[in-house]
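Consider the single chain below, provided in structure tokens and representing the form predicted on its own.
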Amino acid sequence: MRAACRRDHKLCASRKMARTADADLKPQLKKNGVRCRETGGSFRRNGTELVWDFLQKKGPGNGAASRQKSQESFEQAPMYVAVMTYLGFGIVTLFGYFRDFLRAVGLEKCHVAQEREEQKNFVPLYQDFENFYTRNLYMRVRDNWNRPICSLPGPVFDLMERVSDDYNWTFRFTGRTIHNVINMGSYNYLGFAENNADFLTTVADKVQQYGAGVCSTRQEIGNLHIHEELEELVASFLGVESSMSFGMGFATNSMNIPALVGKGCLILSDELNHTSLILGARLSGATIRVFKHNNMHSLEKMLKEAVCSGQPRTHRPWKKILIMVEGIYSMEGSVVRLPDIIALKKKYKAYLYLDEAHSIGAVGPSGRGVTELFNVNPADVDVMMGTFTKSFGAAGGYIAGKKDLVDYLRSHSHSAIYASAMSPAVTEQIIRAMKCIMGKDGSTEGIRRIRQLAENTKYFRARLKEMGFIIYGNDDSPVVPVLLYMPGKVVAFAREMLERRIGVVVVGFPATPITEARARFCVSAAHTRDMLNQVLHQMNEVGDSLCLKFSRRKRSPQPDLYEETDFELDS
């Protein structure tokens, strides 16, 4: 009897502890009405900012318990901003219908592409071009995209001036060049997109030796020694058994995923994954299910259902379950919760595909990406993908992992079998940049750039927050989205910044949710403190003039910019 009572007492105590733990895991809503984004982590209050603190156990092989703290900000705008955003789109839409009516009755000239008379009964070949959104909304603001650059796209660039006489349906060049525009849009994270003759000597030598192109696939006669050297270097850099390079970063995802999964397989994809991952998943023929962004509760729920229920109708077990995530999400600036995902994939015997296009070279003490940032074992990631188009200032991508995986892809990947091999000059540029990062060139320039990027990122993000802008993403992410919300302000912001010789990238619906249009800044190690201060100064003025400072966080009482000694990293 006493033993039974003791057992009941222990059971009650354990259930109470479990309920307490479950309660701690649930995100808490703020009392001021700001909606919390559910990410499966715990949130704490900091003014009106939503901050996600994820505590990660470190230790790739020994299970050593240590903790790392990081913050992700997803502050919600005031309600009136959302109302005005919807109202703005509504007004623009009404005017669009009115203009369509004027075109139909012949009162306004129709600039839309027309089919030939003999094809008037055909289904329009350019139907996408004729849609309402493109015709009435995008064409009015098209001058903010596809701007012609006429110099090296480094920390500053030169821009060819163009004007339109028919509301952006056509452009003409004025012959004038806008010089020294600060580049805040390129993915030149470590500044390797450069034309320094001393740095590019080996690239020029490889052009002299091999020429500009290979004109063949790797499996035929396009496999050069420097291709194999690059793959060995990538494997060494990432700490994995083997790697394989491809000539195009987009195709690295879209053409390799179909080689890994197919019919009868299940793909669990983060809702904010890049288009290349989505296309590869669709081409594979596998079943695709989407989980909420960085939400471990949503992912685990889908994993449980997949393991318990199996395939629809037949309930047979899935052949494979593949989790697809990115290291840094290019529109949100958020960082993957890699340790939690690895724990789930081990628990449910799934595979993990990690796209490090924006994170490789950009985060981690030595630039080795999110695996180094969280100090996890690279062997725990089944498929490591990355691109050379960003941190390395080149082109192409790679797949890395176990040797069996890479050998399989060499004979089954469409990109490996049918695509032309990477250009020798591009290959040498990647080798040069990677050796610089690893210190194999005998210098400390690589590690200096990595630390400079981290310093610039923290400085730029902190200053924007103090000014009152709403920014998204992780404190370590060099991708900095600044929320603009309203369609008219998005266009006005881009044009006003260009007038002040600052080049920015603005993104709106349908690339983002309709209420979350934004400007996306990409910080580079090549940006000097003076450049960043100039951008911040101009943004402060533009933010005041266009009323873009929507944050309800407490602003810093000191408006002056930080001194050079601030945000120095520990040696």
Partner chain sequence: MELRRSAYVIREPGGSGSAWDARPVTLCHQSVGVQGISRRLQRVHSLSCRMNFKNLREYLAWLYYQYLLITGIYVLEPWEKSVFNSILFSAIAMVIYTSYVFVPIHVRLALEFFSGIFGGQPESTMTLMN
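Numbering follows the first chain given and starts at 1. Fair warning: this is a prediction, and the values are worked out from it, not measured in the lab.
FYI, the form predicted together with its partner chain isn't displayed, but the following is about it.
- Annotation: in the predicted bound form, residues E231, V370 and I447 none come within 4.5 Å of its partner chain through any heavy atom.
- Looking at 211-219, 299-307, 84-92, 240-248, the stretch with residues near its partner chain in the predicted bound form, meaning non-hydrogen atoms within 4.5 angstroms, turns out to be 84-92.
- Residue M79 is the only one of M79, L107, A197, V163 with a heavy atom lying within 4.5 Å of its partner chain in the predicted bound form.
- Put simply, of N377, N131, Q71, N180 only one has a heavy atom within 4.5 Å of its partner chain in the predicted bound form, and it is N180.
- Contact check for L102: a heavy atom falls within 4.5 Å of its partner chain in the predicted bound form.
- Among heavy atoms of T515, none comes within 4.5 Å of its partner chain in the predicted bound form.
- The closest non-hydrogen atom of R495 lies within 4.5 Å of its partner chain in the predicted bound form.
- In the predicted bound form, at least one heavy atom of Y459 sits within 4.5 Å of its partner chain.
- In this stretch, 144-174, the one residue having a heavy atom within 4.5 Å of its partner chain in the predicted bound form is Y167; the partner itself is omitted from this view.
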